[in-house]
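Coming up is one lone chain in structure tokens, specifically the form predicted on its own.
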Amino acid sequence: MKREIPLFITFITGVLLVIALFVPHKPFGQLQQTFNDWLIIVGGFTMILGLDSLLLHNWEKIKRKKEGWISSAFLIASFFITLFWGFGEGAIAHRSPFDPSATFLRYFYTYVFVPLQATMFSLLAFFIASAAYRAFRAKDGNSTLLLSAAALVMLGRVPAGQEVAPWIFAFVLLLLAYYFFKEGSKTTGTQKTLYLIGALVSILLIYPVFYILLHYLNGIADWIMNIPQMAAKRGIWIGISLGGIAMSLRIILGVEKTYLQ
């Protein structure tokens, strides 16, 4: 019965929510809001359990002097300082810890929490840049196309980028022509002819590309975002939705039981 009762509750809840989406009349019309209220209540209790697990885990590291136990000590101290300071400001001194005259807002939140948050986002920017570098390396045709589209969108979104984009792409085409010419000088026959044709095409494209980017870069960036990018995004969201529907049906019908473990 320990497994059958949760499965039965999950099945009834899932079926009622599906019915509530298609039948807006009473009593089904109000079920979604009622379940949302229950979700908030249950979420509050799960947050308490999560905090209890976090504190106990770090307290064990402190007692056993494991690696990184100093960071665990700072975490626990910061947690209780934030808890009691915010509770004291909100329940005793002011109506809210974020009241303009509250010391919690003026000192702890403004001068400790906000700078720490800014630091985390700054570090995240370096990780994003590193991932973008690995993703946009022009190793083949697809990655080259992705790199070109990303460069056009990023440069087309800022005024300074719109000014330098024609020169950047002209310089890239010039480098490409130099590469083809250099590689062609090392070979003979048909391959050399193809390299020289590639160098000539790259040189001939410099002026048209420069002119188009100089006058129409903003429109090109908008077209990439509104047509190809939106089409790919919709395809991804359709796939995510179908996967979510499939997983929901597996949970409602009791096929997926990992949440009981």
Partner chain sequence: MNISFNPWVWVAAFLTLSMMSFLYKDNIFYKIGEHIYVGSSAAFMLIYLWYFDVKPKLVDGFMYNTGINKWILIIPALLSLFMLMRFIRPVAWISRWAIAFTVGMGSGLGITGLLQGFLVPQIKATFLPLYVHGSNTLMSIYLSLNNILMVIGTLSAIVYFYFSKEHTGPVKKISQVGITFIMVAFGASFGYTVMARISLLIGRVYFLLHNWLGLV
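Numbering follows the first chain given and starts at 1. Under this definition, the rigid core comprises the largest set of C-alpha atoms superposing within 1.5 Å between the forms. Just so we're clear, the structure is a prediction, and the values are computed from it rather than from any experiment.
Unshown form predicted in complex with the partner chain; subsequent notes refer to it.
Engineer: Could you confirm whether Gly86 comes within 4.5 Å of the partner chain in the model of the complex, counting heavy atoms only?
Structural biologist: Heavy-atom contact with the partner chain at 4.5 Å: present for Gly86.
Engineer: Quick check on Glu60: any heavy atom within 4.5 Å of the partner chain in the model of the complex?
Structural biologist: Looking in the model of the complex, residue contacts with the partner chain do not include Glu60, since no heavy atom lies within 4.5 Å.
Engineer: Would you classify Ala231 as touching the partner chain in the model of the complex, given a 4.5 Å non-hydrogen atom cut-off?
Structural biologist: It does: once the partner chain is placed as it appears in the model of the complex, Ala231 has a heavy atom within 4.5 Å of it.
Engineer: Is the gap between Gln191 and the partner chain in the model of the complex 4.5 Å or less for some heavy atom pair?
Structural biologist: Judged by the heavy-atom cut-off of 4.5 Å, Gln191 is well away from the partner chain in the model of the complex.
Engineer: Could you list which residues of 37-71 come within 4.5 Å of the partner chain in the model of the complex, counting heavy atoms only?
Structural biologist: The stretch touches the partner through Asp37, Trp38, Leu39, Ile40, Ile41, Val42, Gly44, Phe45, Thr46, Met47, Ile48, Leu49, Leu51, Asp52, Leu54, Asn58, Ser71.
Engineer: For Ser72, state whether the C-alpha moves by 2 Å or more between the shown form and the other one after rigid core superposition.
Structural biologist: Result for Ser72: yes, a 2 Å-plus shift.
Engineer: When the rigid core is used for the superposition, does Phe104 move between the shown form and the other one (threshold: C-alpha shift of 2 Å or more)?
Structural biologist: True for Phe104: a C-alpha shift of 2 Å or more.
Engineer: Taking the rigid core as the frame, does Ala160 move its C-alpha by 2 Å or more between the shown form and the other one?
Structural biologist: After core superposition, the C-alpha of Ala160 moves less than 2 Å between the shown form and the other one.
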